[in-house]
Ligand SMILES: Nc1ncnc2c1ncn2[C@@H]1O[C@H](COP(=O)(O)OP(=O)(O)OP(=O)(O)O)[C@@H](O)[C@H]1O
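Below, in C-alpha cells: the form predicted on its own, a single chain.
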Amino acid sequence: MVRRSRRPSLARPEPFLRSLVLVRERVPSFDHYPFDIPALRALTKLDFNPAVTIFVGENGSGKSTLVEAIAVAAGFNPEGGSRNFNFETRRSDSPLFEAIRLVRGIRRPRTGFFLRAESFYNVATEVERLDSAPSFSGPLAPVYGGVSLHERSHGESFLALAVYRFFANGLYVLDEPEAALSPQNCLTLLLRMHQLVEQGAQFVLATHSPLIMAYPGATIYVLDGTGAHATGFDDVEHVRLTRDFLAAPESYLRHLRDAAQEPEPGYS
C-alpha cells in the first residue's frame, strides 16, 4: 500500500486581532440603536480566527454594524479606505465602536483596508481627489491598478482593490464584498484571500454569500435574535436555503407563488 505523504502544516502567525469585547459600562443605553439590536445586546466576547472571521445573518441582524465598529476601532475611516483616509461624505457610523475593545496580538499589521460596499464610490472619488492635489508621496492610481476605479465596473474595481492594493501582513475588514461580484469573481476573491492569508494577512468580513462563507477553516458567526454564535458552514441558513433552492427551484417558486395567492388574514 502506498502511503500518501502529508505536507507539514505551517503554524498560523499571531493574529493582529485576537478578540472583541463589548465593554457594557460604555453602553449609554440598551434601548437605543445600535445596542437595541438583539445580537449586539447579547454580545459579550468574540474570538477572531487568525486567518478569516465571517459574520452572517439576516438583514438588520447587526453584522454590518459590527464589522463597521471593528474597522473604526482598528483605526480605519468609517466610509472605507486605509488608515490614511480621513474624508467624510456623510457621518453614518454608529457609536458601537466606542463601546467595544479590540484585544490585539503582539504582531502589528504593515497595511490594511476597510472595504465598505455601500460607500466604495466615495473611496474611489477620494483617491482621485488625492491624486489631483500636489503630493510628495507620488500618485495613488498605480497602487489601485493604474486605472481610475471610476473607469472600471463596480465589480472590477473591487477586484482591482484586492489584487493591487491588498498586500501581505495586512488587516482587511470587508463589509459585503460580494455586493458587486459575479459568482466567478467571488471565487477569484477567495483565491486572493487565500494568497494573502498565506502571507500573514487577517480578514474580518460580513457577507450574505455562501461562496465567500465557504473559505476553508474560517470561523463563522451567525448573528440572530439571541446573540452571535459560532457555527459550521453546513449549518448556516444561507447555505441550506441556497442548496435546497438550487436542487428544486421549480418547487420553491411554486410554493412562493401559491403563498402569494393566499388571502391575508382578516380579508375575504
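Predicted, not measured: the structure shown is a model, and the values here were computed from it. The first residue of the shown sequence is 1; numbering continues from there.
One more form of this protein, predicted together with this ligand, exists but is not displayed; see below.
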Q) Looking at 23-31, 214-222, 195-203, 51-59, which one sits within 4.5 Å of this ligand in the predicted bound form if you count heavy atoms only? A) 51-59
Q: Look up in the predicted bound form whether I37 has a non-hydrogen atom within 4.5 angstroms of this ligand, and give yes or no.
A: yes
Q. Is E156 close enough to this ligand in the predicted bound form to count, meaning some heavy atom within 4.5 Å?
A. no
Q) So in the predicted bound form, does any heavy atom of T65 sit within 4.5 Å of this ligand? A) yes
Q: Verify the contact flag for R41: yes if a non-hydrogen atom of it lies within 4.5 Å of a non-hydrogen atom of this ligand in the predicted bound form, no if not.
A: no
(Q) Pick out the residues of 172-209 whose heavy atoms come within 4.5 Å of this ligand in the predicted bound form. (A) E176, H208
